[in-house]
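Below are two forms of the same protein chain, given as structure tokens: structure 1, then structure 2.
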Structure 1
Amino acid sequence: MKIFNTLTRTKEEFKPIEPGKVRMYVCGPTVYNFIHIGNARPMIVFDTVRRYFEYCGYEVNYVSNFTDVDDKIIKKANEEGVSSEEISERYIAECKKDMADLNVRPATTHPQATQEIDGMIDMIQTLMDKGYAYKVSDGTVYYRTRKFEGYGKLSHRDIDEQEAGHRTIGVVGSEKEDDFDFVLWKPKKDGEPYWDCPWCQGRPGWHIECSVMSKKYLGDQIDIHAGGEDLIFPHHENEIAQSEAANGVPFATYWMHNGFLNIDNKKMSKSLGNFFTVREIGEKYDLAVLRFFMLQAHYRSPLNFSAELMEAAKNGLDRIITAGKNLKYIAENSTVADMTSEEQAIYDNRIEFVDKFKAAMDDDFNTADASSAIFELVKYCNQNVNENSSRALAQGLYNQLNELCDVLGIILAQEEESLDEQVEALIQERQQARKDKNFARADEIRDELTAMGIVLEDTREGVKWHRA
């Protein structure tokens, strides 16, 4: 399996630190609003990377944080007259709903910055002890960037040839030693959340949060660190400087970055105002379509959002799901049980498409080509399975299609609620209706159950049921 590593700008063979295991950290969103579909891109892309590792037999420890202390969160809290915590908890819950609708699996751990402050204070202290950090008179602690030899290795910048974005040296009153030094800890302002620490009451800088959460949940050295390409500099460059200086070992072996989701070829972002939230798109489309749309491009390529491409994704997804339904129908209803020898050959030949799928995913997670392999398998199934086929062939091909779809997070068939679950739910509802003295609804439910062939018995131990 090959991964494009931003650090070396080449595709490299994946070699895990610990055989059979992957330790992976993905920078998560700052939670002050509903996420937009640009934020959804890394979630979908790296969830798919995780799924493919698992498909290949790896055990993945997947950590993705929520940044829940930030200027934007504080601003929103002040606008609404509520606490920062209320804002961040609200939008973490909303983000988790969106992730579930996008079939993005919950991370092994979703740490929150505000729960990890002690670890941040510890790491900052270590950096101070080693001479990589210094405090100025107002209590701000800075990272001494030039002391870290490898600074610039991820973003391929030579610090001496760079103009720092924000000139402070020579500015009267500034005690920063160098323009490139960045904040590890900053003093509180009125109305802001703060924590006590040895330097001043205040809060951490953004970069130290990820270094610390990654260390705590994955250890000093990890296999993959990932996020959108806007994070390469300064966020990830600074994370490397902090983690490697503090821990004394290389931080992540592979750095993966997704390209931007654009609108009219401009990055979708909150600040430009050119965004759609996942929620908005969810009103028009099943979010499975959004997920599939994202995977139709290579994750490192820019992707332009458009109604045409969403329609194309919708049609493609429909084609796959329809093929799945047909296979399932035949698998459940054909009068022939076993495969003929001719069918066995058809079944065995599916491997051609599986191999194509794997070759695409092994080549730096080329989900666009992997989707093409799925379409070829769909076509193959449509051509080779019909109502005269055996149940075994239809089921075998269904299972194969389902397995590949699952790697991309495509749900081929929604699990149907079992009859027992439906009956139990209706009985519960009937009990509640009776408690509420809504006897009309209670009778209606009894009739509904009778129509389903279910007989109710009111006993002393409660309601019992059996099939008529």
Structure 2
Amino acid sequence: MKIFNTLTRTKEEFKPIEPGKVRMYVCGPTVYNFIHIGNARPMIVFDTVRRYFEYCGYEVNYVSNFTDVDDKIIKKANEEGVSSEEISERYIAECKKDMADLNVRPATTHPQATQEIDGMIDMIQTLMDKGYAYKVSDGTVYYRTRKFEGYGKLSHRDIDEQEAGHRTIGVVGSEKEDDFDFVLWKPKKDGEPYWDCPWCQGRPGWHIECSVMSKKYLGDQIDIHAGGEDLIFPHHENEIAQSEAANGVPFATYWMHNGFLNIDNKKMSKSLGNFFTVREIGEKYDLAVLRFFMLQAHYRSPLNFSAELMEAAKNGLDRIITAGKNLKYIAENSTVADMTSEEQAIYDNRIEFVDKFKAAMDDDFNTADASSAIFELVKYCNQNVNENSSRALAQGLYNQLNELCDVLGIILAQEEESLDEQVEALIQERQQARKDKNFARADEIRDELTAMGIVLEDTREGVKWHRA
């Protein structure tokens, strides 16, 4: 298995620190609103990476944090007149709901920054004791960036060429030793949450949070650190500086970063009106479609989101699920139990597609080519299994298809369609309204059902329905 390592800019053979185990940290969202589809890409991509490691027999310790103290959270809390904790807990719950709908597995641990403050204070003190950090008179603690040899090795930038900005640089003042020194701890402002520490009442800087949470739940050295490519600099660069200075060992062996998501070939932004939350996309599509769409390009490539590409993903996913349904139906209804010798050969030949799938995933998790291998297996199943096939062949091929789909997070076994009591009642009410010649109400109910994803068809045999 080869992984493209941002640190070396080459594909490298994966060699875990501990045989058979993978320690993996993925930077999670800042929770001040619903997650957008840009947030969803790393969640889906690295969930798939985790799934493949597990498919290959590795035990994966997968840690993904929630940043629950931040200027944006505080701003949102002040706007609503509630606590920062109320905002962060609300949107952590909403994020977990969206992740479940995207079939993103819960992490082994989902640490929250506010619950790890003591560890942050300890690491900052260690950095101060080693001369990598210093305090100024207002209590702000800065990291001495130039003291860390190799700063810039991940982003491949020389420190003198790097621009100060974003969340890297604290408030520049006369006591700050260098413009490139970044904040480890900052004093509180009115209306902000704060914690007591040896330097001042305040809160941690952004970068120290992930260094501490990774250390606590995965150890000083980890196999893989991952996130969006926008985090390479300054966030991941600063994590390396903090962690390696404090712990005295290399931080992460492999650094993985997914590419940006564009909307109709333009950068997603609220000002352009092309900013979509996962929840908004879920109003138009089953989120299984969004997940499948995200995996149709290599994770390091830019990905363009458009209605046309989403429809193509929907059609492709439907083909896979329909093939699964057909195999399952034959497996449950065939009158022939065991495979013939010819069917055994058909079943054995499935390995050709499994090998293609594994070769794609072993080559830096190429989910686009892995999806192609699944489509080839679908075509093979459609050509070789019919109503005369044995239960054993249909079930065996179904199991194989399901196993590969599970690596990509495709749920092949769809739940049986059923109407809940509310929909049942609405259909009955509509029937009665039509008998009473209350056609306006009947039309209203049809619209309500359509909004719920239920499409009605009035036939001679009565009302038939299907999901949109």
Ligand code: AMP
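Counting starts at 1 and follows the sequence of structure 1. All values derive from a computational prediction rather than experimental measurement. Throughout, rigid core stands for the largest set of C-alpha atoms superposing within 1.5 Å between the two forms.
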Which number belongs to the form predicted on its own, 1 or 2?
2
Quick one: core overlaid, is T10 moving 2 Å or more at the Cα between structure 1 and structure 2?
no
Once the core is aligned, does A226 move its Cα by at least 2 Å between structure 1 and structure 2?
no
Does K97 shift between structure 1 and structure 2 by 2 angstroms or more at the C-alpha, the core having been superposed?
no
With the core held fixed, G273 moves its Cα between structure 1 and structure 2 by a number of Å equal to 5.7
Relative to the superposed core, what is the Cα shift for D264 between structure 1 and structure 2, in Å?
3.5
